[in-house]
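In the block that follows, a single chain appears as structure tokens, in the form predicted on its own.
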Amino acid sequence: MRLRSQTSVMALVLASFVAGTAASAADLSIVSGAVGRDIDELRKHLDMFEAETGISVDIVTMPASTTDQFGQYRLWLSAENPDIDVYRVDVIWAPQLSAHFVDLSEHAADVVDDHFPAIIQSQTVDGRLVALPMFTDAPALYYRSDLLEKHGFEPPATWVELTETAKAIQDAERAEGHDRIWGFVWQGAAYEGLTVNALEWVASNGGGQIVEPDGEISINNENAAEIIDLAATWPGNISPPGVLGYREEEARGVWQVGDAVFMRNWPYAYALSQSDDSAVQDLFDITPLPTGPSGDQNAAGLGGWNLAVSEYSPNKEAAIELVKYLASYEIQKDRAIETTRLPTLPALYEDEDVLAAQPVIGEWLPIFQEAVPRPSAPTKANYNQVSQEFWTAVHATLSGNGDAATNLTQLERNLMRIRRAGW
């Protein structure tokens, strides 16, 4: 199918102006969390939308924590709040919030086939397309190519190799006077980000997906325990003790000032790490996340953000056009070039401008295509409770409060209790 251009999207909005529809008088609001330059980039695109349509759009900003965002979204939507027109939503939220969002199936029928089918499917609940893709996400292992070359190491293929390489380079650099350097930074705080990190460890070690697609609770197994126990050796050893409070930006902060050998993070951190004020500019590269000692899978957690229109918006028609605009080819292209956010349009992975400006986008495609989804589909409205139980058990293990086998046994009991009435 031929991709719709930004111009054709805007033609629909301008037609609404002529027809005197709600779009002509609409002032919209969009709510969004952010990491890195997300809000600045969103504001730039909204300014473009405003200049072409005359429709003003305000941003309601949220905390970076997706856990906090979801809690606030659920409160607003349950109260049928009319003040928010468009929600930027995590890929996992569709099954839980779908009843509150407009079905975009007919409105986006002319563009929906341009996106990766799996992403569209993830945002389709009971036949209703409840959100249109904005960008997709899959993390990678960032590594200091200069330090690996200096000390004679290759990028690690396994988590065991990462542990050993990180420790060796960390100790060697400290012996040379770089006292603040750590081997590996990641997201260890007790929040949704730890669920994604730990799912990557477990899946890479043949330990399953916490809850399998058929609803089976699978997390209490030896492979899962093995890799979580390995991760528990990192804080204070190759990772700062404070990593147990890190989210994405805390990890990036340590990495970008040059105080880490390895970092696990999302694509947005690449462009920022290459900025002129970055201590690691041109000194790093990426590679797929490692496999576990008992597994053979590079398991990046599937992320991504989408755009949904509130059922309680008084300006649905204009809000739908805003969503289509922000999901369009031209805007996704600009977002990929400026912030290395991964497009949801396959054609952009072959776009010469994108690949010239950000060659790493092409490297990220196979990582994204093999990404592991969180178990939001099988657990449905119970996902957030399942995730919280998982990250709590993992965080306890990382903090030294029981070994993984003990904590996963208790986790299994807790999940069985949640499932008692069915997912």
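Computed from a prediction, not measured in an experiment: that's the story for all the values here. A residue's number is simply how far along the shown sequence it sits, counting from 1.
Missing here is the form predicted in complex with alpha-D-glucopyranose; even so, the following discussion is about that form.
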Checklist entry - Quick check: do 90, 196 and 305 each get a heavy atom within 4.5 Å of alpha-D-glucopyranose in the predicted bound form? => result yes
Item to check | The single option of 248, 173, 200, 321 touching alpha-D-glucopyranose in the predicted bound form, heavy atom within 4.5 Å | outcome: 248
Next on the checklist: Which residue, 397, 66, 379, 53, is the contact with alpha-D-glucopyranose in the predicted bound form, using a 4.5 Å heavy atom cutoff?
Outcome noted: 66
Checklist entry - Is there any non-hydrogen atom of residue 266 lying within 4.5 Å of alpha-D-glucopyranose in the predicted bound form? => result yes
Checklist entry - Is residue 191 close enough to touch alpha-D-glucopyranose in the predicted bound form, meaning at least one heavy atom pair within 4.5 Å? => result yes
Checklist entry - Is residue 137 close to alpha-D-glucopyranose in the predicted bound form, meaning a heavy atom pair under 4.5 Å apart or at it? => result yes
Checklist entry - What stretch, of 90-98, 278-286, 72-80, 144-152, brings heavy atoms to within 4.5 Å of alpha-D-glucopyranose in the predicted bound form? => result 90-98
